[in-house]
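Okay, so here's just one chain, in structure tokens, the form predicted on its own.
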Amino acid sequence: MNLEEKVIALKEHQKKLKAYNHASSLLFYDASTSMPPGAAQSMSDTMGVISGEIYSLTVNPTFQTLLHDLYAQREMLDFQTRREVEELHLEQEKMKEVPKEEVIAMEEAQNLANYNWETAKKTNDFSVFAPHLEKLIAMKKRYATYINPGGDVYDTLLNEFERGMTKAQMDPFFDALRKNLVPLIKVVGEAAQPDTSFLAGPFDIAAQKALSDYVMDVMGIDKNRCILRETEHPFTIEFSKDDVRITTKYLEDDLTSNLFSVVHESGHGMYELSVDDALRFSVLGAGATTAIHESQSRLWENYIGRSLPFCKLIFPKVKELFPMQMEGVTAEDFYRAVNVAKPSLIRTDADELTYALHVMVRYELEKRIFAEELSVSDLPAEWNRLYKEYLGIDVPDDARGVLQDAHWAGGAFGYFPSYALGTAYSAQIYEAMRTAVDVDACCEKGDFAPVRQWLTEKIYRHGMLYTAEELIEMTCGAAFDPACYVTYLERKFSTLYAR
């Protein structure tokens, strides 16, 4: 084949890979939202077969030869095709070192672990999940050894989610956050706290669903291409730029949990819905990295969603849906209540100021797990100890402690640090956006088209064409600076608690 024919073959191969990944994602989504409990094993078996097919498509000899040839000629390709070749070549070089049976077994184990995690959380019984977690940790250790023999296991897993991320980079990042935020948290904790009694509920679930629907409309989510469903742990999953699913969890005694979950997941969804059409069937047709993706969900959730102008925008609807709970409450009261800063149990419901400490707990535990300094049986007690040390609170049970997040059940070790890194990215991106877009005016008008357009131009449309570092430079005109995040928090919470 000549170069043009090889490129055509590459594009067709990507379409096939996309179709298999689409099917796999649909099954995962079904298992998380509507699968009957008794189907867990059969679903796991099916997912194992599909993962085996995806593996074969990635590493089969014919495709290896094609990719090897294109990689050698990559400087002759257009930018998008060259980036596709680089990404696929990197994945192929990694996966060909992993036995196929290991890939299949890992997929099956993750699906069973996820089902048993849900059961364990609902019954507050860590022992149900523990053996599955032990199995996944052992598998991830083997996987890291396959793809990076002799390398540090946890660094290898960190790199899977944010390329180039290592403990040597994340340790000083977290140390700086701890050094700067802990004193501010102490000052805020000693200040007079706003009234939050009106957020205690109960809040009718049907009315909460109406609020979710309203908020998605306000943000400008295209409901022809994005739907909202319920699950134990909120997440976003994209099958294509024309089919993005977001999920939430409704709690009768907590209005803000669902409200900000929907804003957060809609931020993820908007990213995927806005990837350039040219990347539709490409391996590059998704968010750049986990941290960049998180920067967008956190930007919408916190920098816009918890701002005073946004609270003023949505409060009339909140009051219409919950008139008894909001009687005598103003938009400013609502704003201060949804920004209350105090240590809490649940990461996804944490305030902006203490959020990074939740991530630090998980980061410290994961480092020690993969350094073999901690066993699975140690996790509940150590989790509780770190929550007491970092956040000063007692964990009453494992459901609200070590079992609260779904990530370990999916084998996503090394994922958590990207939450804090992405949140820090979003501060710098938000400041850059405000120089070009009057975000407050968008809130006042209830029209976020200028925000969506700016983010699409700067970030969304590019998919994985650029690295995280390149996107930050292109968007902000400067390299990543975590000081922007600290400055934002100090400014916001010093003002909120000034009186």
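Residue positions are given as counts along the sequence shown, with the first one as 1. Since this is a predicted model, take the numbers as computed values, not measurements.
Omitted here: the form predicted together with another copy of the chain. The next part is about that form.
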For this session: Answer yes if any heavy atom of Pro61 is within 4.5 Å of a heavy atom of another copy of the chain in the predicted complex; otherwise answer no.
Result: no
For this session: Report yes if any heavy atom of Val486 sits within 4.5 Å of a heavy atom of another copy of the chain in the predicted complex; otherwise report no.
Result: no
For this session: Look up in the predicted complex whether Ala479 has a non-hydrogen atom within 4.5 angstroms of another copy of the chain, and give yes or no.
Result: no
Problem set entry | Residue contact check: Ala9 to another copy of the chain in the predicted complex, 4.5 Å heavy atom | no
For this session: Scan Leu353, Ala409, Leu379, Cys226 and let me know which has any heavy atom within 4.5 Å of another copy of the chain in the predicted complex.
Result: Cys226
Seminar exercise, completed: Checking Phe281, Phe161, Tyr390, Tyr250 against another copy of the chain in the predicted complex, the residue with a non-hydrogen atom inside 4.5 angstroms turns out to be Phe281
Exercise. In the predicted complex, do Asp45, Val49 and Asp242 all put a heavy atom within 4.5 Å of another copy of the chain?
Worked result: yes
Seminar exercise, completed: Note: another copy of the chain not shown here; in the predicted complex, the stretch from 61-69, 24-32, 457-465, 426-434 having heavy atoms within 4.5 Å of it is 24-32
